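Here we start with a single chain on its own, the form predicted on its own, put down as C-alpha cells.
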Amino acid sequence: MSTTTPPASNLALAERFRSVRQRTLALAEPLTPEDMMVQSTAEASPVKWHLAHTAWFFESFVLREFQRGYRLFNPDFAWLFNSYYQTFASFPEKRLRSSFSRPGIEEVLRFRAHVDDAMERLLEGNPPPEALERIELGLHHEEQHQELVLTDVLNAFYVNPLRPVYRPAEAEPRLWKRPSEPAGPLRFLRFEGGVQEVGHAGEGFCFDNELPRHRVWLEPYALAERLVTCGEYLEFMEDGGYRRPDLWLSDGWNAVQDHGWSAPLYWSSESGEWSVFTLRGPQALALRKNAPVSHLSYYEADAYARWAGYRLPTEFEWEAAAEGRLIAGNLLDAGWLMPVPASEMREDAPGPSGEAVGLLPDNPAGPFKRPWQLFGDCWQWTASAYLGYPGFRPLPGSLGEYNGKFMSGQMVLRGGSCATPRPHIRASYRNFFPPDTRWQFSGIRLASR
C-alpha cells in the first residue's frame, strides 16, 4: 500500500466502504445456505467463509487498533476466520473451511453488520491517516474476495452433477449486442522498447508489491491486439496439443499426465460437440468460439504460445503497453459473468458509464489504434515469475504477510477479468498464482520480438 499519497476524505471513503460491502452481499444473494458451505477444490473457499473473513479483516486490522472501546463480536473469530497471517493468530487448515457448519450464515451476517456499524462510527470521527490507509487496503482486499466468490462458485457448481446456474442469462441484460462474427486474423502491435518505468506512480492506492517504481530495459517487441479465442485454442487441441510433450515445459507435461488435462477447465464434450460451463450455465462452444479462451493454467498458455510460434509477454512488456490506457471493458461492474467475443469489443460499443468499451489512446508505435481486452474478460498469464521489485519492502507487522510471503513458485498475471471489480485494477496491478492454477478466469495474450 502506498504511504506517500494522502488518504481520501472520510466522506468519500465511507461511501466506498458501503458500496464495496453491499456488493459482496449482492454476489452472495443468489446462493442458498447450502451453496455457501461448499469447498469444491483445495484452492477455493466456501462463500460463507469469504463473507466472514472480509469482516474479520476490518475487525482485526482496523477496529481493534483504532476504535476505542471496540467490542469483539466473538473472540473465537480472531483465529477461526484468519486466512494465513501467522504472526496475528493461529488458524485452521484451509482445506477444512467447508467443515465450519457453525457459525451459521445468519451469525456470519450479524458479524458483518456488527463490524459495519463500528466502521461507520469510526469513519464519522477523525481516524488517523494510518487507519484510513488500512481501510482502503481492506476494501481492495474485499474486492479480491468478491472475485474469489465468483470463481469459487463457478467451480462448486461445475462439480455439482446438477450443474446449477448461478444467475440466468436474462437476469442481467447485455449492455450491447452484436451478431456473432469471426474474430479476424490475429494482428500484432509493435512497441519500441527501451528504458521504461514500471510500478505504481502518482496518486491513489496500490499494493506493496507494485512498489517501488523503477526502470527496466525492454527490447523491441510486439503484442497481440486481442486475446486468444476459444476457436483458436480448439485448433491447438485438434492438432494434438495435449499429446505433444515437445510443446510443454517439463512440469507442465507432468501436470498434463497427472491430472489428465485434455481441454481447458469447464469444457465438456458430448457426441463430439464441445460446451463451456459458465456462471450462466453451459453454453455451446459453437456460440463461444470468438470469446477469449479462459480457465487455463500458465503451462497451457505457454504450450499454446509455442504451438502458435509466439511466446507470452513479460509482465513489464504488458505494463508498458497498458500504462495510461483507459480502464474499460468486460469487468464485474458492467454486469458481465463471462468473457465477451472479440467481435463485440468495438470502439463504438457503449460501456457502463457511456464511454466506449475498450477504446484506448492511439498507439503511435503500431499500425492499429490499441490492444483490445487489456482489462477485463480474462487475466493474462505473463512469462514473469512473481518476485519483489528492486528495493521492495513489505508492510510492517502482520500486514507484511499480505503479498511478500508468496514471492516463490508463482507466475504473474495482468489485466483483470470479467469477475474483477473495475475500481480494483490498474496497469501496475500484479496478480499471481501457481503455474498449474486453472480455476481463475485466466487466458492468453501472445507476444513476439
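The first residue of the sequence shown is number 1, and the count goes up from there. Worth saying up front: this structure is predicted, and the values here are computed from it rather than measured.
Keep in mind that the form predicted together with another copy of the chain is missing from the display, and what follows is about it.
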Given another copy of the chain in the predicted bound form, answer whether the residues S99, H214 and L387 all have a heavy atom inside 4.5 Å of it. yes
Among 261-269, 275-283, 116-124, 217-225, which stretch has residues with heavy atoms no more than 4.5 Å from another copy of the chain in the predicted bound form? 217-225
4.5 Å heavy atom contact, F157 to another copy of the chain in the predicted bound form: yes
Would P185 count as touching another copy of the chain in the predicted bound form under a 4.5 Å heavy atom rule? no
Quick one: does E34 come within 4.5 Å of another copy of the chain in the predicted bound form, counting heavy atoms only? yes
According to a 4.5 angstroms non-hydrogen atom cut-off, is L72 in contact with another copy of the chain in the predicted bound form? no
Interface residues of 47-65 toward another copy of the chain, as seen in the predicted bound form [heavy atoms, 4.5 Å]: K48
